[in-house]
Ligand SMILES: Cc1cc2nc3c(=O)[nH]c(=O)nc-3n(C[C@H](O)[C@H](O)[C@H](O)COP(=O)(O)OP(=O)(O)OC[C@H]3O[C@@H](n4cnc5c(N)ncnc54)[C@H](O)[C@@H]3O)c2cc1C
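Shown below, as structure tokens, is a lone chain in the form predicted alone; questions about how it binds or moves come after it.
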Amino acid sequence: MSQTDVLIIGGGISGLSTAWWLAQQGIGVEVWEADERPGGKIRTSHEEGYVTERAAGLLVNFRPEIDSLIKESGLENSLRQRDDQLNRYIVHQGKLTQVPMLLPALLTSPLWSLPAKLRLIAEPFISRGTDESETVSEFVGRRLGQEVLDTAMDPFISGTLASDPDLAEAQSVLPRLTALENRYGSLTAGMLVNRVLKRRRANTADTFSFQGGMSELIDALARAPGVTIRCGACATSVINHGSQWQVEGVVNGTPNSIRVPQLVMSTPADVSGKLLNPIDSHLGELLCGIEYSPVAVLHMGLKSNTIKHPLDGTGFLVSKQNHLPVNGNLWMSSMFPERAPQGHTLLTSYLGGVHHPEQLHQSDEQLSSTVLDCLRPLLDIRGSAEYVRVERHHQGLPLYHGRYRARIKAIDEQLSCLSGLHLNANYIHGVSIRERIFQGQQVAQKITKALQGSVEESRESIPLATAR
């Protein structure tokens, strides 16, 4: 039976980030990953001159902790920043319409009617909400009005999170906005205060990828000294021995067992739930009750001269009111030109989600034909796709639906009775890569403190034993 300080089950971005932060403190970590390589859904492909991502294609950051990790892991020279001057679009009344990013432009935008603009101006005078479990639709409708919800927020929730604003809990998926209301009583007032106090990260974010794609981040995390990664390692049971956690499993076809004082589970909620059910059936039930949305990512390469739209932006999002078959489309080669061969364009569409779950059962040919038919009038495309790649995630993104914070609170309460056990995955505190890295640091800090406490406790007990 092998020994180490910490075992992490799951080698996706959550598990690897936790391991990396622990390694910075000199703590030995072993990571079990069932796949043949670490990274989970994050994987970059290089084919026919195109650079495509299996899932996340970029990182949006406003946290200094992520800046620190990028620097310390040696990734600074590989950063590829997105041009902040690129436009943002949504589909409005069947056409691409630019989304205003500044207040003066917002007030002259054709996106909203005069009553909707007056409603926006009145936002600072809207009273605080009292329902902590408000949905996104209820929160945004109350603070900004129905038109803003339908045209701006619905596309973000449906397209980016593959979720439903009528069901998603506002405090879970819009924590920055709900925090502004809680602290300042108004979104507008909160943003102005942060800007006056020069809290740069509170108002702006850097958006970037890496020269060779997002896999460079995974590779950098996996290289951290002190981190041992075992691929092809599947945990089959977890046993609690008081101050130790024993994990049984199969590593590359061979039965394996390990005991550790600290165990981190960075697997999907249902996987963790089934492993923990024999130890705590209520915790297992809470975890298995978390739902996921199916997501498909379709990459399409075309000759640039067959697209008449200037592609002068990051792409576009789609609200459910438009009844289109895509949730959003990113113009990857506009943001990062090296993503496509010279003279070609890479367009990445996001499908499925709560509105189109059946799409994941369609063939690549059906999906590519549907997407191209959708994009032709929006981007004035005159040609056909020369390259298509489809990635399917049947358990794509966790749905923060219902009283989600209450569920997470109940999970935390159960964990408090299980010393040395930690959960870190995208169903807790955000799905973005930024939040996964940040939560990895938070979990690593808790583990470091616990291990240091154990060492101090052992040192203090030595004189007493000697005295006897």
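From a predicted model like this one, the values you see are computed outputs, not experimental measurements. Each residue number is its position in the shown sequence, starting from 1.
A second form of this protein, the form predicted together with the ligand, is not displayed here; the remarks below concern that form.
- Heavy atoms of residue 22 never reach within 4.5 Å of the ligand in the model of the complex, leaving it off the interface.
- A residue is said to contact a partner when one of its heavy atoms sits within 4.5 Å of a partner heavy atom; residue 426 meets this definition for the ligand in the model of the complex.
- Looking at residue 431, you'd find a heavy atom of it within 4.5 angstroms of the ligand in the model of the complex.
- Contact annotation: residue 41 falls within 4.5 Å of the ligand in the model of the complex, judged by heavy atom distances.
- The chain is drawn here without the ligand; in the model of the complex, the stretch among 318-326, 149-157, 291-299, 337-345 whose residues come within 4.5 Å of it by any heavy atom is 291-299.
- Annotated contacts: 28, 65 and 262 are all free of the ligand in the model of the complex [non-hydrogen atom within 4.5 angstroms].
- Only one of the listed residues (379, 90, 397, 367) places a non-hydrogen atom within 4.5 angstroms of the ligand in the model of the complex, and that residue is 397.
- This chain appears without its partner; in the model of the complex, the one residue of 229, 276, 233, 375 with a heavy atom within 4.5 Å of the ligand is 233.
- Residues of 128-157 are not found to place any heavy atom within 4.5 Å of the ligand in the model of the complex.
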